[in-house]
Every structure is written in C-alpha cells, then in structure tokens.
Ligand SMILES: NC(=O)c1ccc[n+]([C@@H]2O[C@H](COP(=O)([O-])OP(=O)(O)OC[C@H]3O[C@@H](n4cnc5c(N)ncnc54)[C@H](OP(=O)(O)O)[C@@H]3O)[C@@H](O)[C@H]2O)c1
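Okay, so here's just one chain, in structure tokens, the form predicted alone.
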C-alpha cells in the first residue's frame, strides 16, 4: 500500500510518516510545504504545477493524507486570506490529486468546529465555529466529504508529542522547565480540551485506513484538562524547575480569536470499534521524556 502524506514535516504528519514507515506493508512519502526535513520532499499544495513539486503521479499513492493547514489560530484571525489559502485551497488542490489518482483521502479535523458550550463532543454534535481558523477547517472538511464520499476525517485537539521543532505546548513547556530559566506564564483556567499524543493519532489512522473506514472519527485520549492543569502536569514532571504560573480567564487574556472554552472530544465511536486500543496520556509521555 502506498501512502502520501501532505504536511509531513509538522507534528501530526511527522509522527504519521515515522509510524507508517515502520510498516512492511506500506510505502510512504511525506511532503513539506515550507519547513524542510531530511525525511520529506517538497510539494507546494497551492501551486500544483510548481517545478520543485514531488512527482505524485509517478508515485501513484493508494491513500492521500492531508495534514497541512495554517494552525496558528490568532494569526489566522488577522490574516484571513492566508488562512483560507493554506487550509481550504490546499485541501481543494489535494482533493483534485486524490480524485485524479483514485486515492482514498484522509483529512485532519479539529474540535474547534464546535462552540465550546457543551463539550467534550461526539462526532454527531452540532458544529458552530467561533473563529476564522475553525470556519476554514470546517469548510475544508465539508468539501472533503462533498467531493469524496469514501473519505475519512480524524478530529483532534491539543496535540502533543515528539517533533523536530518542539512547537507543541507540552514539549515547549517541558523544555522551558528543563532549561532552569525563570519564567512566569499566565494561562487560562477556563479552556478545556482532550490532549492527544500525535503518535496515537498515527496508530489510530493506521487501523482505520487498513480497515477501509469512512466518515468522521474523534481521536482523543483520557485526559480532560484546562490549560492551567495541563501546564501543571508538565511542570510536576520536572524537579526544581523555575517556571511559575498564574491562572487567568480567557476574557482577561483577550486573544484576537474567540476560543471554544468547554471543548474536547469523546472517542467512544473509535474505541467501540477498537476496544483494545490504548491511548497514552500526558503523564506517560512526560515520564518517557524524563528517561
């Protein structure tokens, strides 16, 4: 089975590339848009005719996974066209490739499609995005199923894990704590989510793709915490750190983009089909990092 991963230099795509590459029954290629790695090849999803693009047609993938999007929520709010291009247009273009090559399509969604009033959410909950990023992610997801009835979407949130740039909140805070430097962080106590390890997303995707599943699946672990609690989990794993935290409301922080406060996802649908699957939690991940 041949798999092509768009956006494989990021957190989710990078973990998928690593996991799928270990499978003997899979041949995997991962692409990068702007951040190059030794494991990825270039592909500009906004310009399908770019001369530097990897030759997707020659590779002829059976499955296309789209991990690419502009995920900086506050930046999206103030750069609407760029958000639309990198999230919606890139999805439209990769869907064109999938259609031409008759490839199955896997999209990476988000819990931000909900308004955060009644979370955590199941797959059939009513969507109501609050910000530009969320609206564009939902528009892209809707386009996926409009043009590819056999597509698969994994909704995720608060992803953490091992990545080259350590951009995710858990890894960044862990490194900050280990640095021994003094830092004071103001963190929201009213933003709840279900953090999930990127490697678990890759493992779940493998099972779903292998079994030719379609539709939307929530992929969430057992942690349900607010941002302040998540930070404490990280800091508690590092002895003698010099990072202090201060709880603050989202209103007081006043970010450019509205946030769904009671967010998060329930993965009961996935676990009903794969009852032996074990999600890692944040504490287990941190324990491994300390080793």
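Positions refer to the first chain, counted from 1. Predicted model, so just to flag it, every value in this text is computed and none were measured.
The same protein has a further form, the form predicted together with the named molecule, not shown here; the description that follows concerns it.
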> Pick from 199, 138, 156, 132: which has a non-hydrogen atom within 4.5 Å of the named molecule in the predicted bound form?
Replying inline: 156
> Within 4.5 Å of the named molecule in the predicted bound form, heavy atoms considered, which of 34, 51, 244, 254?
Replying inline: 34
> Taking the partner as it appears in the predicted bound form, which of 215-223, 145-153, 183-191, 107-115 has residues with heavy atoms within 4.5 Å of the named molecule?
Replying inline: 107-115
>> Test of understanding: in the predicted bound form, would residue 46 fall inside 4.5 Å of the named molecule by heavy atoms?
In response: yes
>> I'd like to check something about residue 17: if you look in the predicted bound form, is any of its heavy atoms closer than or equal to 4.5 Å to a heavy atom of the named molecule?
In response: no
>> Using a 4.5 angstroms cut-off on non-hydrogen atoms, would residue 171 count as touching the named molecule in the predicted bound form?
In response: no
> Is residue 282 one of the residues lying within 4.5 Å of the named molecule in the predicted bound form, judged by heavy atom distances?
Replying inline: no
> Which residues from 7-34 come close to the named molecule in the predicted bound form, meaning a heavy atom within 4.5 Å?
Replying inline: 7, 8, 9, 10, 11, 12, 13, 32, 33, 34
